[in-house]
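Here are two versions of the same chain, shown separately as structure tokens and labelled structure 1 and structure 2.
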Structure 1
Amino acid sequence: MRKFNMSYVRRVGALEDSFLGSGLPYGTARILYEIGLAAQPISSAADPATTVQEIRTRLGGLDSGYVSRMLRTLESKGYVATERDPADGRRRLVRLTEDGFKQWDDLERRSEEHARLLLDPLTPRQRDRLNEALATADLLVRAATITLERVDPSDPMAQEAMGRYFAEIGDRFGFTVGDEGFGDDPTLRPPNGAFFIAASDGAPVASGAVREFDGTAEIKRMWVDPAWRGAGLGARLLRHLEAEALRLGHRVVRLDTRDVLSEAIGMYERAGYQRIDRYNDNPHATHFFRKELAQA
């Protein structure tokens, strides 16, 4: 991993004082690029603003002072404009200026040309291999560096995840599955429960909950974004929920699922869950599992 990182940043020009001849170092150019992404499609007529906090979140929670220094550099060059958010004075809005849009377009063009130069010596078969390898590496590294955060079920991120969860299972079940009252479910809140979110670039990519149910722990609302499946994020989330069940004082955990969710069933069985008889009145569930947890 270290060898690849050192080799790659050199080949893509990230070590240069002027990234791709743009006149900006890589970090500052990346901030400009992220601000421009909020203005898609790139057009000075659109001129939408994003918050500085959103930029920091998308870049992995960069230090606020570091981001402020880069924004001042971009402001001094006339590429961005910042202002206080009229709706919330604690937040700063940032947008590209007309010159900033031109610089964004130029940076995009230079990046495209550099990528083409890197790929030109490769055969079509080699390019396919590289595309597949890079996609796999990107997915696994992003999955490995994601953190699972406890949030209240009423949190907007949790609500977004659950909206996608219910939409997906409704599509796979072939009928609508209601989510009425999810945000007000007290069983998914401390002290008897917890809800967790994994987010990337400010959007939820996985979620799950654990709660006390009939004297044992029960895992609920396990969901992983389809684009993130195959990277082990579901198994990691499951282990995290099991650890939370132990923290809540339970040695046994149960869960239910439906026969069409074959990938989930396979994951539970690989994790040591045993099939049991029905233990609840969930009308959508067809399979029921139990696992005795080992104290870490």
Structure 2
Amino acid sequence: MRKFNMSYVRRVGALEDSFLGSGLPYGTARILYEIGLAAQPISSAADPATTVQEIRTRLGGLDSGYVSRMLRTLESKGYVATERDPADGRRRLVRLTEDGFKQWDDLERRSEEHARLLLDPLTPRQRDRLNEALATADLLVRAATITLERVDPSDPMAQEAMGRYFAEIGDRFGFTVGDEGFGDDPTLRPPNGAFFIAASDGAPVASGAVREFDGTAEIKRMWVDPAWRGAGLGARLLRHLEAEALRLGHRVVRLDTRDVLSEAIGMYERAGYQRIDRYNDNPHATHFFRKELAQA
């Protein structure tokens, strides 16, 4: 890995330096790029404007003054426009101007061109192999750098995760859950419960919670972003939740799920969960599991 870093950065990293070539220093170009990305209709939420904060967290917690200054630069060059967020006057909405989009496309084009040039000497087969290798490496590195954090269930990230969780359940099972129905379950908070979020680049990609139920621990709200399934994230989260259950003083964990979620059921079984009889009155659940935790 280290070897790869050295050699890759020396070759291709220098390439990304041409990230500039646009007359913009690297940091500034990065911000421009990030603003443009947010406007791209890739994710479901394709709002052409972002907040300053969003940019900061997506770029890994840059200093607010630093970002502010760079935004000022971009603004003075006419690449971005800012305005007060009507929803919260402290925030500023940032969006690319027409010129900014031109710059953004330019960055893309230049970068594309550079990649093409680099790959030119390779045969098509080699190129395919390289792309595949990079895609694999990317997924795994992303998976490895996911952070697991306990948050309050009312935290915006938690809300987003639960929103998607319920939306998906609704989609798959043909019912809708009231928008506000999951907002504030106090059992998922300390001292007797906990809610965890797995985040990548500041966006939630998985969630899960433990709470007390009927004298044992119960796992709730297990959800993994569809794009991230199969990366071992669920199992990792599960281990984390079990450790938390142990910490909360429980020796037994139970959970319910639904027959249609066969991947989840497989995961629970692989993790040592045993099928048991119905232990609650959840109308959506069809399968019930239980596991005895080993002492740490």
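Under this definition, the rigid core comprises the largest set of C-alpha atoms superposing within 1.5 Å between the forms. Computed from a predicted model, the values in this text were never measured in an experiment. Structure 1 provides the reference sequence; residues are numbered from 1 along it.
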Which number belongs to the form predicted in complex with the DNA, 1 or 2?
2
Residue 214: Cα shift of 2 Å or greater between structures 1 and 2 (core-aligned):
no
Flag for residue 193, CA shift 2 Å or larger between structures 1 and 2 after aligning core
no
Taking the rigid core as reference, does residue 158 move its C-alpha 2 Å or further between structures 1 and 2?
no
Could you tell me the distance the CA of residue 83 travels between structures 1 and 2 after a rigid core superposition, in angstrom?
11.0
Shift in Å of the C-alpha at residue 118 between structures 1 and 2 after core superposition
2.7
